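The chain below stands alone and is given as structure tokens, in the form predicted on its own.
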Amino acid sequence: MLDNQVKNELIQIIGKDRYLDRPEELACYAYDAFLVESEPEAVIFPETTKEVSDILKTASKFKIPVTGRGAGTSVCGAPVPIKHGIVLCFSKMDKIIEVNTRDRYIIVQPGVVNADVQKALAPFKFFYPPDPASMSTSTIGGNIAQNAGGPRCLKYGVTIDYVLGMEVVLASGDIIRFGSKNVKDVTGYKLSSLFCGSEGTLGIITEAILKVLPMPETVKTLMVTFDDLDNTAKAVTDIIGSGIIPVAMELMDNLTLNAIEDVANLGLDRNAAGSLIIEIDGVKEACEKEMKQIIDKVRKNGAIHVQEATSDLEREKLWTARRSAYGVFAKLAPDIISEDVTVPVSKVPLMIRKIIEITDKYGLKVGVLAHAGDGNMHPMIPADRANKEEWKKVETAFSEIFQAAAELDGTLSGEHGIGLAKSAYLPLVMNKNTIEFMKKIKQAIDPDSILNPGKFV
């Protein structure tokens, strides 16, 4: 519980109805989809940028930790208030301020759900490309804080590629704005690149200007299955190496396919060792040409079944299967860790072999799910945290997986972020001077370290 003086000052800013501090209420904001839990001392629901500013001025004055929170879908512990203090929940700052497809932008508050952005743009035949698996619930503020990606990022890029400008409140309570409504803007430092992916450690995002794109004329989607997971991965490198850049190229192994089929009953091939969902878009004639080339490539790599979606309903079923993977896989054990490592595309087959080799060594089940076209892999290990011996194996296995990714010129995260999950492993991919430089940036902007403390900086 916060000191009464602090509590009363905060209630004067936002009112009693948007201030929570009962134990049963605080418990709901103590976790995300990672494994660590830590309760805040208060949860506050701001509705305006000024309220956020006033809250941070109070927090700064009393040196109280502040953790921003969207929908809590993070899988790395980023919104977990590990140092307690205040959780700023943005579910009430959920307004779409402006839709302007003529100038190709949309302005939103941080609590707007990604899928609602897509719905707002659809009548104008425009879309916002970043599409994390959690898009039906995750918010734009959280997407920016984690620099979220998704299946479409192979062709279209990740969140940082679509942030034109932001309004941010600093730890001091000062409000800054940077960027603009222009697609081209090289005025001063590119601050959106600094704040995007900073996991709320540098400032609180209260508004974002996002670039949007016109919907493509044609979309074609394939489901391809293989009797060898290695051939599945080789098909990916062969397609990318030929110069074709699909919208998405999603890989699932047999364990993941069967977990999905057990729940969703979508008619997936239970005997396939691996599968690819491949999607392309663009002008009709170009899509037809690319699709023929892709089919040729997968068959040369041992594809046993190639099925093209013939309707929007079939296409949606395939993507339902892919997006449901984490949820259905989590049913296999009391706990699950879904990690996020990335390697150069040419090394995807080797990295998949490494993941299987490491988990087999410790007798663990692993589901391999990947945005394979950009080398981003999500190995998922179901286990029981209460079984200390088994959980030690899980931790050791992931430590070796991170090491393997680093040795293959890879990195620790493609889209999930670092949060609490991987801060200890930063030295694998960053030297001491780089880590110290990030700490200096944090110190300069947030000298009292009140913004999401205890995370990767």
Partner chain sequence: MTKEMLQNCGKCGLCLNACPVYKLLKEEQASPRAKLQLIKAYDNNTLASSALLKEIVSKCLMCGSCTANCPSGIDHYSKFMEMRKKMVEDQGETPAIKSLIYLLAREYRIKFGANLARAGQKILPDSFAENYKLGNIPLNNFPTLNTTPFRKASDTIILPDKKQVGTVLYFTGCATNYLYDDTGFATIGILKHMGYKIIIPEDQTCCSIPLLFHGAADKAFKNITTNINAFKNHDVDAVLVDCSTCGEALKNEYPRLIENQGQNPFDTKKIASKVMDILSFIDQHFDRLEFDSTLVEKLSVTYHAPCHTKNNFGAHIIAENLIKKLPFLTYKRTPDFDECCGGGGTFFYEYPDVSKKMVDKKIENAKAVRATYWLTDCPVCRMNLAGNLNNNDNLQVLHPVTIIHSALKQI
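No experiment lies behind these values; they were computed from the predicted model shown. Numbering follows the first chain given and starts at 1.
We do not show the form predicted in complex with its partner chain, though everything after this point is about it.
A heavy atom within 4.5 Å of its partner chain in the predicted complex is found for exactly one of Glu98, Glu314, Asp384, Asp185: Asp384.
Note on the partner interface in the predicted complex: the residue among Leu222, Ala303, Val113, Ala273 having a heavy atom within 4.5 angstroms of its partner chain is Val113. The stretch from 64-72, 399-407, 426-434, 49-57 that comes within 4.5 Å of its partner chain in the predicted complex, counting heavy atoms only, is 64-72. Proximity of Pro344 to its partner chain in the predicted complex falls outside the 4.5 Å heavy atom cutoff. Shown alone here, Lys365 lies farther than 4.5 Å from its partner chain in the predicted complex, counting heavy atoms only. Within this chain, Ser91 lines the site of its partner chain in the predicted complex, having a heavy atom no more than 4.5 Å away.
Shown alone here, Lys331 lies within 4.5 Å of its partner chain in the predicted complex, counting heavy atoms only. Contacts between 25-44 and its partner chain, taken as any heavy atom within 4.5 Å in the predicted complex, involve Glu25, Ala27, Cys28, Tyr29, Tyr31, Asp32, Ala33, Phe34, Leu35, Glu37.
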